[in-house]
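Shown below, as structure tokens, is a lone chain in the form predicted alone; questions about how it binds or moves come after it.
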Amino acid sequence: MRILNKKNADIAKHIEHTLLKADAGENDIRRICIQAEKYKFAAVCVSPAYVSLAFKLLKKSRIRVVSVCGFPLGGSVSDVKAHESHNAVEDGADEIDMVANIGYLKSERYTQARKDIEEVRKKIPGKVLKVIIETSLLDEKLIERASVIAEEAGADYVKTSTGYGTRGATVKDIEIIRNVLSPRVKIKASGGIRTAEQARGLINAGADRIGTSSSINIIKCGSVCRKS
């Protein structure tokens, strides 16, 4: 049975309540929006097709609407990413989480990687841009380089993971990223975050946002618990 864990209530303000599953339907989006308001999460993160619905449901609240582009592989051409992000903003998204071109980074095509981000940045002026660098696929030096490129290209956040990589965020990832970014750029940790202990550790390491689909478990149970 799920019991409210008041000591974890402070984590809620960092959480982006996320639903990016392929089989998510309208009722699922309605559910997470209701939950976000109830538990005072920072945002909901939904697929582009559901941005307009989330915006309609949350427009009278302080909950921000986040969507994705180039998700989850990052291999779309820059024009497609830019169009996708612009369309999501037109539908009501406050923030865009774009997947960097990981192949460019691993091929040392750093100029192209930066331009890819810049094309999205130009299409969503005034909106928050988070760049997903998929830390599970990069070594420490490439995590550092990818983070610096993201900042140079105008990112507001560097985000660790899509949740579709070989692992999610780690405290070490956050420490590496924080060490090379200026104070202007924030960090979003995501992927595999299921407990309050994990979330708190990532926040203490420097993460400003926590992207998770286990939001309710985190603030109500603290650790893995059975559904009521």
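Because the structure is a prediction, the values reported are computed rather than measured. From 1 onward, residues are counted along the sequence shown.
Although it is not shown, the form predicted together with another copy of the chain is what the next lines describe.
The stretch from 47-55, 31-39, 195-203, 177-185 that comes within 4.5 Å of another copy of the chain in the model of the complex, counting heavy atoms only, is 47-55. The candidate site formed by V128, E140 and K172 is entirely out of contact with another copy of the chain in the model of the complex, as no residue has a non-hydrogen atom within 4.5 angstroms of it. Taking non-hydrogen atoms only, K106 approaches another copy of the chain to within 4.5 angstroms in the model of the complex. Taking the partner from elsewhere, G92 is found to have every heavy atom lying beyond 4.5 Å of another copy of the chain in the model of the complex. Interface membership of K115, defined by any non-hydrogen atom within 4.5 Å of another copy of the chain in the model of the complex, is ruled out.
Put simply, E151 is far from another copy of the chain in the model of the complex: not one heavy atom of it is within 4.5 Å. Using a 4.5 Å cut-off on any heavy atom, the one residue of 154-181 that reaches another copy of the chain in the model of the complex is Y164.
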